[in-house]
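The form predicted on its own is given below as one chain in structure tokens.
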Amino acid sequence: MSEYNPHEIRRLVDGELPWLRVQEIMRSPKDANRLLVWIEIQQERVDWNERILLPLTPALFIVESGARRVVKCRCGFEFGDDYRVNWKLEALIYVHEDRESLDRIYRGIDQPDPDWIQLREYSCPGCGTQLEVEAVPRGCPPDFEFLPDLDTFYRDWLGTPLPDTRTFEDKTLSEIARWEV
């Protein structure tokens, strides 16, 4: 099994390694501590102290914030009170849903039919970073593309159980139900 030093992983994360070296790393068996090194590198690059449990994207992380586990942006904005609720419910959303707005992105026959498709851009309310874009049928709820079972992952894969266990469930609908008046 290959071992890579943190400097090389840092260069990999930053896109500074030559493509041939990236391919070598991709083909070789994964080293046991690469995820932990990657998390350590990400932790060094944020201005807040909450422990990163899992990076979701280059700008979004699941963090331990007191007794909570939340999705947090690189800028420090927290999306709700629980990572098991789709973070997109707390994001700023710009919807392209007519020919004029879609025409700024798609040209000619490449443009989807606005009677069927919406293009949604999700941005952080704290810093304005665009976090996600999805093309979905009209009326489709926001896609919850990744809900990890952190307790199983840390216990069974990393061998370091988290101090408190949470049920593994999508809590998005429960959160939406609270909005009813």
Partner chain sequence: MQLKDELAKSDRLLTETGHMFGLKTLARKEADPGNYEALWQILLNVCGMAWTVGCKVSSSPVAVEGGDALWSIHLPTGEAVATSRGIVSHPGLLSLLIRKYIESDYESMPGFHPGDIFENNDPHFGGIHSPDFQTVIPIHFEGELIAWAASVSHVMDAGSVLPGAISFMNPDSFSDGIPFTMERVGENDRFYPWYAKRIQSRTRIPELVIGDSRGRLAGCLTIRDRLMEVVEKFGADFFKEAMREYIEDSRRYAVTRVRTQTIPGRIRKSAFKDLAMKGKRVIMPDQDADYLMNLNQEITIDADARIRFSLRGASAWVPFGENITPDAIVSALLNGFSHMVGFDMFNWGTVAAWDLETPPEGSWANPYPANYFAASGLAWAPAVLWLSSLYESLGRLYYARGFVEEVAAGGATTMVGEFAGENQYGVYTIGQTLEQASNGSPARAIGDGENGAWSIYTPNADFGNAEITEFFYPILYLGRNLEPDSGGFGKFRGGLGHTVVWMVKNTPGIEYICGCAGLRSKIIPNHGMFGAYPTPPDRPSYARGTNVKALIDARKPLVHERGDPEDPTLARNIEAEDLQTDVIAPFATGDILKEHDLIIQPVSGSQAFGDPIERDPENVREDLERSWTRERLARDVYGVVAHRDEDDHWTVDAGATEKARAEIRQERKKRGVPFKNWWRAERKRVEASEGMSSAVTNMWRTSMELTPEYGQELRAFWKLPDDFCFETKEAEK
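Residue numbers count along the first chain shown, from 1. Given the structure is predicted, the values throughout are model-derived calculations rather than measurements.
Just so you know, the form predicted together with the partner chain exists too; it's not on screen, but the next bit is about it.
- Contact between V133 and the partner chain in the predicted bound form is found at the 4.5 Å heavy atom cutoff.
- The partner chain is not shown here, but in the predicted bound form it comes within 4.5 Å of a heavy atom of E180.
- Under a 4.5 angstroms non-hydrogen atom cutoff, the partner chain in the predicted bound form has D103 among its neighbouring residues.
- Contact check for D115: a heavy atom falls within 4.5 Å of the partner chain in the predicted bound form.
- Contact here is defined as any heavy atom lying within 4.5 Å of the partner chain in the predicted bound form, and by that definition not a single one of R51, V70 and G80 is a contact residue.
- Residues D103, R104, I105, Y106, R107, G108, I109, D110, Q111, P112, D113, D115, W116, I117, Q118, L119, R120, E121, Y122, S123, C124, P125, G126, C127, G128, T129, Q130, L131, E132, V133, E134, A135, V136, P137, R138, G139, C140 of 103-140 are found to place at least one heavy atom within 4.5 Å of the partner chain in the predicted bound form.
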